[in-house]
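Below sits a lone chain in structure tokens, taken as the form predicted alone.
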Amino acid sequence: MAFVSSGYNPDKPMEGRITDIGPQHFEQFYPEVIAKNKGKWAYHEILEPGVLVHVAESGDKVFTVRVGTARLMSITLIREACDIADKYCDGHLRFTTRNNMEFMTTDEGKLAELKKELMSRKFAGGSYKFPVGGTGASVSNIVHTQGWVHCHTPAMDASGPVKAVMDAVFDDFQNMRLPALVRISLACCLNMCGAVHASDIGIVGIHRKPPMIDHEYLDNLCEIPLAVAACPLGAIKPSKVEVDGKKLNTVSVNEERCMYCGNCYTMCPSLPLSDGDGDGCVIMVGGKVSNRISMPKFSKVVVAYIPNEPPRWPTLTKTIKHIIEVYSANAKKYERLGEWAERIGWEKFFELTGIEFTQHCIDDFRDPAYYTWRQSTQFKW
């Protein structure tokens, strides 16, 4: 009853309530046609790569031009996008979960002019600021994690290799010649704050060496119990060493247990993990979230290690481009990359792509419960 005695009226929960704290409700920013027809859309079509039309039960239409953008962008680029939205879209602009921008209009007559303006804007280096594409049977915009720009445990960069890979597959972003959609994702370490486990092609940064231990400073910089507790595999334990005749409190690492995740470095800066020679990435293939044709799938490792090769990552980009070309030439229409590999067999996948099969590619995941749970709408009786 404390709320009632303080003046709160349960029959009128919003009475006297301050509501301007935090973000405003997103519905107030809907375009008028979206708000009017929410939940009442009849169908949608892709008119051309990057251009969609959604048709409501009322007959209203909204045309969308989708452009790929970078995950990290400048204020000036955002302002430029807002100026375009003001000019053609009544000030409305939408971001998708894969770092695309979508410009929406109800005026079909504006489409050609809008698309022309978007494709006319370029950076000083010549690349497109707002490339149109990423719909249908194409390579969608690449999602990625922080990389060297911001994260403290990456085994590779994120923005750099993503830019290099997208440059290599850009034609397939702008066209819809592939058998089906190809999603590419990048996670810059095994903590994997990117969707690589469920993407057609996943790039995962990997450390290959255990953390280095700065014994001299560790006890002064770190709470040793926190560093020990941070290890998910119990590979770290308290220890003592002698440095310059002084006995110091420190830790030791069981290298056989260590999986190079970097959790210990999060707790203790005297346990750095990054290594110029040991760090690199793996390529995973065959994941998807879609429930269409077949159930969702986890991706599998097909290339166990590629070294970091900044600034353009030539081995990585060449390998991914090659996988997409082989898939495009051999898969059936509507068949996702993992579905194609499973239909022909993974042995045939390695044969066609020419990728070397090593012991690191063996999938030894076994969990009977995983296969007995009903996880999908595709029930099999």
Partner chain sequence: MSEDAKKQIIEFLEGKKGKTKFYFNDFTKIFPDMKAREVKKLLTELVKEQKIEYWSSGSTTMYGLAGAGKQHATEEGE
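Note that the structure is a prediction, hence the values are computed from the model and not measured. Positions refer to the first chain, counted from 1.
From this point on, the text means the form predicted in complex with its partner chain, which you will not see here.
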{"property": "Its partner chain contact at C222 in the model of the complex, heavy atom, 4.5 Å", "result": "yes"}
{"property": "M267: touches its partner chain in the model of the complex, heavy atom cutoff 4.5 angstroms", "result": "yes"}
{"property": "Distance check, I362 to its partner chain in the model of the complex, heavy atom within 4.5 Å", "result": "no"}
{"property": "is_contact(L248, its partner chain) in the model of the complex, heavy atom dist at most 4.5 Å", "result": "no"}
